[in-house]
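The chain that follows stands alone, in the form predicted on its own, written as structure tokens.
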């Protein structure tokens, strides 16, 4: 086994929580509000449903193919070469997500805090730290995240409570004024981020109690959606849906309104610290997952030698694929739901269909074990 470390189901769920929330908290509010207005929080809750479906599929496949990652049981189900091609498609998806995350990180810091600093400084700093974390192994990433997740959740709860005096509840009304269709269209964007629960199919074999992966992942999805929705409700209650839809980073603008007696102010600095920490964990998880998957596809004995080259690919791709944050937002709103939908709701269920066909029609029995 390329990875000898083990994490608990709780740590697995915490990694999924941070992975989902880290970038969605900045990008999703503006995109969903531009489509669903004051009902954008409903779009987030609806957009979580595909994440639960995907998680259930991955856990079912994991039970059928114990001790194997998504890349390994793709070969078991489809055959050696089709399975390797299938795995490479997911490698590309993970790299694309990592590149998008890296560019979001760099553009946010450049736009909101240090406009004169070259993007390459932010990009290379993040890549270097994430590569080092991925090389250190899954257990190290999970232990770091145990501290960071407390930082992220505590901050979000704190700023929400402190913002309550600035709320205008009328901004949240009327509910479903334009019907359900705008909400359904807006739900496609949060569904992209909730679909990042895909990494559960890679982490499951390295969990001490794999049978509890669904409970841990479902809990992570629920609380990530809840905190995202609460943050969006807070922003809309303060600014109204029209303004929130025009902001590039609504959470950043929302936090700037907090002023308690002219003493507690400038909370946007805390936004930066917590968000940087969350993005670091997310990129570390994706680099680790990509490196492990590529090593398994290529039949390598160690995954660590490919971490650094993949990190360089992510850094270069973050500049080649996107010109600025506007292009990223448009890609997430227009392109990502279709592309990621193919992976999450077509390719992954295909593994289930082939498994069922081989068992029911051809009588093949896969190695399901009680876990």
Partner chain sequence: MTSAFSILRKIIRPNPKKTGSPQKGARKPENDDSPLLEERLALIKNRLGESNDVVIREFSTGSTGVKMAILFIDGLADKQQINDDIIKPLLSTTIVNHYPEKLTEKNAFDLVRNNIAFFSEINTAPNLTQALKMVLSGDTALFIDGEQKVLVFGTRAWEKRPPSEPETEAAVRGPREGFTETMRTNTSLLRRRIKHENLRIETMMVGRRTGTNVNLVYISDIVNKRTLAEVRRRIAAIDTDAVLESGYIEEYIEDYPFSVFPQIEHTERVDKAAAAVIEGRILIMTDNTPFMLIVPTSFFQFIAAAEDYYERPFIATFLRVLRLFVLNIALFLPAFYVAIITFHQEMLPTPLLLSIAASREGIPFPAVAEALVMEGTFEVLREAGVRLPKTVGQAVSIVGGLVIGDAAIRAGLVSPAMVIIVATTAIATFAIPAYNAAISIRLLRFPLIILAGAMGLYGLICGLILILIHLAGLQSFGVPYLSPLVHGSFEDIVKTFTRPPWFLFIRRPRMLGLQQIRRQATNTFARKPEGSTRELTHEDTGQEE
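As the structure is a prediction and not an experimental result, all values here were calculated from the model. Numbering follows the first chain given and starts at 1.
Just so you know, the form predicted together with its partner chain exists too; it's not on screen, but the next bit is about it.
With the partner removed from view, the residue among 11, 348, 355, 23 that has a non-hydrogen atom within 4.5 Å of its partner chain in the predicted bound form turns out to be 11. Interface residue among 184, 121, 226, 162 relative to its partner chain in the predicted bound form, by the heavy atom within 4.5 Å criterion: 121. Site residues 322, 329 and 339 are none of them in contact with its partner chain in the predicted bound form, judged by any heavy atom within 4.5 Å. Just one listed stretch, out of 293-301, 162-170, 275-283, 210-218, contacts its partner chain in the predicted bound form at the 4.5 Å heavy atom level, and that stretch is 275-283. Residue contact with its partner chain in the predicted bound form: residue 126 places a heavy atom within 4.5 Å of it.
At least one heavy atom of residue 109 is located within 4.5 Å of its partner chain in the predicted bound form.
Although the partner is absent here, residue 114 is a contact residue: one of its heavy atoms lies within 4.5 angstroms of its partner chain in the predicted bound form. Using a 4.5 angstroms threshold between heavy atoms, residue 92 stays clear of its partner chain in the predicted bound form.
Interface residues of 135-160, taken as those with a heavy atom within 4.5 Å of its partner chain in the predicted bound form (partner not displayed): 135, 136, 140, 143, 144, 146, 147, 148, 150, in sequence order.
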